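Take a look at this single chain in structure tokens; it is the form predicted alone.
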């Protein structure tokens, strides 16, 4: 039996939720934007009215205001967006238990086994659209197809509060004429590479030699060829399924540019506290560290290296991050944002081969110290114990780890 997959995407999710919470905003150019004080002053989402004025997601607030002087900018309320995401999930669950989220506002649903009970797929999609409008006050775009990739593409092609279907019979006519970047899996870098080889449309990609694609892109090349030819057979995962954690990271845009190694070290140490906590929570250890450095010209570079030991230690992770930074970053520009990511994860206490050169005694001692610090924080709060060098750090925004002198602590 041919699969019936839908991809549902809430239209302008953040902005739509804000308009639902405050009906007086409906019909007006509305944008959800980050904090200017903490230099997150970019557009996170915009209403259809703002979009018609040329406002784009990701651009600076001042640029958006130039295009749309009447733009109403609202700070994000992520708790509300999460609540709406859960309510949306309840609507999908009326029709299937095969619900795979793709962020807060998008899901795949497998309706193959739902048709007999609820009618045609079009009927189900119309009921979902109606439920969103009546119960949540927002709209969705829905794509229907026989696989996940084309269902996602269908929701991208659908208009606001509309349904778009791609079938086995019509996908060559509807899909192959589209730009190659329209298909899932082709980002900016991959798209640029394909264009350099003259591959402009999804049809061009479908007609490529899969062996050549593998040569250029590795195993990803096989996936791209399958996606373009409608051969994706990945299944929609059951409700509640959690994908294995492949990395744990934390990043921040600093309140002011970082101008020297000492300031960078403090931010790395602060970010690594969160990474360490998440590793411990999920019983994982990192065998590698990756950093991303964005300078004040908004150029981002990434570097990574293995760790000496499999670790959960904030100290060891931050030291590896700092070494990566010193070895690879030349201070041509000051630093605007940093990210630390634990990679190449494995289950904690995985057996390993000892050697004669590494200081395992020091590593085990540090592990005991970190376990004690985490236990104190769990019992008495995150500000109950911290590195003294972070006591006066002023360039880490308030929503990240930040400390003041004893007697004036806050979370």
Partner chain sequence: MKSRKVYVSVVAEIDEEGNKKPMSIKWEDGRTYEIDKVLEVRRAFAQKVGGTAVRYTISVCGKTTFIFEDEGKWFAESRI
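Residue numbers count along the first chain shown, from 1. All of these numbers come straight from a predicted model, not from anything done at the bench.
The next section is about a form of this same protein that is not shown, the form predicted together with the partner chain.
Site residues 20, 83 and 87 are all in contact with the partner chain in the predicted complex, judged by any heavy atom within 4.5 Å. Although the partner is absent here, residue 137 lies within 4.5 Å of the partner chain in the predicted complex, judged by heavy atoms. Proximity of residue 26 to the partner chain in the predicted complex falls within the 4.5 Å heavy atom cutoff.
In the predicted complex, the partner chain lies within 4.5 Å of some heavy atom of residue 133.
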